[in-house]
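Just the one chain here, laid out as structure tokens, in the form predicted alone.
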């Protein structure tokens, strides 16, 4: 008889090259119960991979390949961020550290709002981008890209999500990702769109 403690061990495992537990939980929710998602905080003494790339794809591949040299099995790395047209597509690859090394989400969000102060609604266009890279034994096996277009709010709205979610309104909605339910967000987010492609690849690989 299968017990609650032994059941998870029989699930296929996927290691995320991240220490962002918000991201891990979100990806676990999107992938569902058919896979057990773990990350670098649970996998022991893994190195920090320096994100020296100038694009999301370069950084996601750096992380996936770097971590996959230290573990067995497949590693999935996500590099994602916000591109604001009026800021020359900043913060881009610097989204997680826009306000400086070690900064928190609120500092990054506040800096974007400060730099967008006075910019009219029609010029507040932005997008979230996510690039996923899959690697094993230091070699990238596949790359997936997801994008969602939107408009920046003029203030923080909502307490859901993380990162820049409370200031980003996806096209067609008057609410930010911080106000929309996770169920609605997961039908259209940049990460969910990239993960749909990954799930198809994952399923084809197992068949």
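Think of the rigid core as the biggest set of C-alphas that the two forms share within 1.5 Å after superposition. Here the structure is a predicted model, which is why all the values come from computation and not from measurement. Positions refer to the first chain, counted from 1.
Beyond what is shown, the protein has a form predicted in complex with inosinic acid; the following relates to that form.
Shown here without its partner, the chain carries 83, 90 and 150, none of which come within 4.5 Å of inosinic acid in the predicted complex through any heavy atom. Under a 4.5 angstroms non-hydrogen atom cutoff, inosinic acid in the predicted complex lacks residue 173 among its neighbouring residues. The closest heavy atom approach of residue 193 to inosinic acid in the predicted complex falls outside 4.5 Å. In the predicted complex, inosinic acid stays beyond 4.5 Å of every heavy atom belonging to residue 66. At a distance threshold of 4.5 angstroms between non-hydrogen atoms, residue 163 is in contact with inosinic acid in the predicted complex. Only one of 67-75, 114-122, 132-140, 93-101 places residue heavy atoms within 4.5 angstroms of inosinic acid in the predicted complex, namely 93-101.
The partner is not shown here, but in the predicted complex the stretch 110-128 reaches within 4.5 angstroms of inosinic acid through a heavy atom at 128 alone. With the core held fixed, residue 18 shows a CA shift of 2 Å or greater between this form and the one not shown.
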